[in-house]
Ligand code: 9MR
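Shown here is one chain on its own, the form predicted on its own, set out as structure tokens.
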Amino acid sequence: MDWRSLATAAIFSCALALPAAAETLRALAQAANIRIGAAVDIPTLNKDPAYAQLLAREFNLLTPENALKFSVVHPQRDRYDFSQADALLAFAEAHHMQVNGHVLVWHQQLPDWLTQGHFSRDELKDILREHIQTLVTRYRGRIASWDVAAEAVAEDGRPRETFWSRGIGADYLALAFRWAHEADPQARLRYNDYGGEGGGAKSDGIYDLVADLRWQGVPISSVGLQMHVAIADAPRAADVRANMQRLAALGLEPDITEMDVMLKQPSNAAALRAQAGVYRDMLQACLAVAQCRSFSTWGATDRYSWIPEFFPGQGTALLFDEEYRPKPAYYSIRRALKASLP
């Protein structure tokens, strides 16, 4: 059974308290001229009707969690596997949703054939160019934006040493953006990173990196602020807004791309209210900067979240709980969107 029949069955079997169509995040975001998105796991999409229904109802932008990462989509040097990515595109287009391609150049989730291959610099350049242009060309005109590169800045703000920087050199980022632009000149091309949403050394390092790319004439159009945070370490909204404004002054569009707000388990009502405040503040910072065009969470429901596995004792990070019920964070996002409308 595929997602079409699963989603149809869900209409009759899922006993969620559904918001009116005009009150969904998707409808309100459209009225506010912003994209509201979520990261999606394709195997889950194919097997869980409530998950598919939730995504289609509340969001108009989807980012694949893994389907377009190097090890999944390019498992062998001479073979690509587009099955998951194609399924995502089919679902998104059936529900009139945009897709953000994630991610073309990253130092994690690389296949063994690549990392253990002992390639020369020229060979690595050829491999990366072919990988980027194969993906972007295949989905040209269908994927509206791409996370071209991610997490190339270290915590101290300096360039991160990675498989790609060691094998190709510091110019691998500029090359990646140019190759992606050649494959689809209309796509928005983004640099995406965590820990640099507000102020500090990493934020400054990201700014310096993208400013240098702009100075070189590299076709970069956006910066993604991932926003994986906890209540205690969430950036101040004023700092996020100021950072977005300085990125916008470079001619770039700052987006919030992967937001979640982890809570210590078990959570309680006070923690959920505080979490809702963080979500509200970050969305308001985005809405205050005209160039911020999308706000996405890394997942939709706590049933399928990466947080408990990678941060033991933490969880409850998303807008919907494990039973797909909207949490205080959902309502805070909804109220912020409504308040932004004329």
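None of the values given here were measured: they were computed from a predicted structure. In this text, residue numbers run from 1 along the sequence as written.
What comes next is about the form predicted together with the named molecule, which does not appear here.
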{"item": "Residue stretch of 86 to 94, 241 to 249, 131 to 139, 104 to 112 approaching the named molecule in the model of the complex, non-hydrogen atom distance within 4.5 Å", "value": "104 to 112"}
{"item": "Any non-hydrogen atom of residue 70 within 4.5 angstroms of the named molecule in the model of the complex", "value": "no"}
{"item": "Touches the named molecule in the model of the complex: residue 228 (any heavy atom, 4.5 Å)", "value": "yes"}
{"item": "Residue 281 within 4.5 Å of the named molecule in the model of the complex, heavy atoms", "value": "no"}
{"item": "4.5 Å heavy atom contact, residue 65 and the named molecule in the model of the complex", "value": "yes"}
{"item": "Neighbours of the named molecule in the model of the complex among 288 to 316 [non-hydrogen atom within 4.5 angstroms]", "value": "298, 306, 310"}
